[in-house]
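The chain below stands alone and is given in structure tokens; this is the form predicted on its own.
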């Protein structure tokens, strides 16, 4: 019995591409469009009808002192976390850039915080940073402090604690990105640099850092985007306190929407945050891409 040859439809991957486009539109473009339309109204879930207010919600953005405070806090966290996670991520990647099984296990362990839920990570760290938590108990047993430190009870220490926790989460991703970038560097370049008498620092400055430039761009930009929308860690660790000093813009957005029931104004904040994140990410990407072209 002879088998009939399969007929070629000529469609190729077109059905999968169309499916991806439909899903992209349904789960990204449509919600954004809906948010834009809602931001032009005074929608309140407690009211049956909403009124068109035009750009009033957007005008309110620039006179909202609490929004400005949340933007300032968000900027601090974004800058600190991006610098710390990328610096330590590159350092860990250079230390763990080996092929043995032990180093692969350590790379996996470093990446674990990245795959865990932010809520779970925040609950773990909250138990560590409380008055009677592991950190204070350890410091007191070592005689380094006489009384428990309120890591989450003062604005400065609460900000430091949030930056530490978020950096701990994002370091794993940066480490993986930099490890992949380091493994793509041809060994011949290092051999040539050694033959020219370059020191370890010279090899890093003239060979390693220029070759991993695309990895730097990816890691920095994705870290920026992730931190701009930070909410879950703050909600569990501090709840925006003390005295609303650790409210990120995303946290303030949720508060406006579900505590104040101002869906229209919250949508305006969401669109503003989306545009701000896109502009910053595009600007940083362009800057780093130009640096890649120079080197």
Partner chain sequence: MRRSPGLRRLGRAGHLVIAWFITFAFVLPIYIALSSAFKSQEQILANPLGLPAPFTFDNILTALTRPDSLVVNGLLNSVLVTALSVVILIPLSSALSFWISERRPLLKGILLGVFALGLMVPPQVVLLPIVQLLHAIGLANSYPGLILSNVGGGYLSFAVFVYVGFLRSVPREVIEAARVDGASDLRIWWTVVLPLVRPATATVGIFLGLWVWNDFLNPLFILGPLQGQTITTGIYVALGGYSADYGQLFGIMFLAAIIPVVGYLVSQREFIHGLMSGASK
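Numbering follows the first chain given and starts at 1. Rigid core: the largest C-alpha set superposing within 1.5 Å between the two forms. Note that the structure is predicted; figures quoted are calculated from it, not measured.
What follows is about the form predicted in complex with its partner chain, which we do not show.
**Student:** Please check if residue 254 has a heavy atom lying within 4.5 Å of any heavy atom of its partner chain in the model of the complex.
**Tutor:** Residue 254: contacts its partner chain in the model of the complex.
**Student:** Is residue 247 close enough to touch its partner chain in the model of the complex, meaning at least one heavy atom pair within 4.5 Å?
**Tutor:** Output for residue 247 is no: heavy atoms all beyond 4.5 Å of its partner chain.
**Student:** With the partner left out of view, is residue 64 within 4.5 angstroms of its partner chain in the model of the complex by any non-hydrogen atom?
**Tutor:** The answer is no: residue 64 has no heavy atom within 4.5 Å of its partner chain.
**Student:** Should residue 150 be classed as touching its partner chain in the model of the complex when contacts are defined as heavy atoms within 4.5 Å?
**Tutor:** Judged by the heavy-atom cut-off of 4.5 Å, residue 150 is well away from its partner chain in the model of the complex.
**Student:** Counting only non-hydrogen atoms, which stretch in 154 to 162, 204 to 212, 100 to 108, 70 to 78 is within 4.5 Å of its partner chain in the model of the complex?
**Tutor:** Among the candidates, contact is made by 100 to 108.
**Student:** Decide if the three candidate residues 19, 23 and 171 all line its partner chain in the model of the complex, where lining means a heavy atom within 4.5 Å.
**Tutor:** All of them do, each having a heavy atom within 4.5 Å of the partner.
**Student:** Tell me, out of 95, 195, 144, 200, which residue has a non-hydrogen atom within 4.5 angstroms of its partner chain in the model of the complex.
**Tutor:** Contact with its partner chain in the model of the complex is made by 95 alone.
**Student:** With its partner chain left out of view, choose which of 224, 83, 180, 185 has a non-hydrogen atom within 4.5 angstroms of it in the model of the complex.
**Tutor:** Only one option qualifies, and that one is 180.
**Student:** For the stretch 25 to 46, return the residues whose heavy atoms include at least one within 4.5 Å of its partner chain in the model of the complex, in the order they occur.
**Tutor:** The stretch 25 to 46, when checked against its partner chain in the model of the complex, contributes 26, 27, 28, 29, 30, 31, 32, 34, 35, 43 at the 4.5 Å heavy-atom cut-off.
**Student:** If we fit on the core, is the Cα of residue 28 displaced 2 Å or more between the shown form and the other one?
**Tutor:** Yes, its C-alpha moves 2 Å or more.
**Student:** Is the shift of residue 19 between the shown form and the other one large enough to count as movement, that is, does its C-alpha move by 2 Å or more after the core is superposed?
**Tutor:** Yes, residue 19 moves 2 Å or more.
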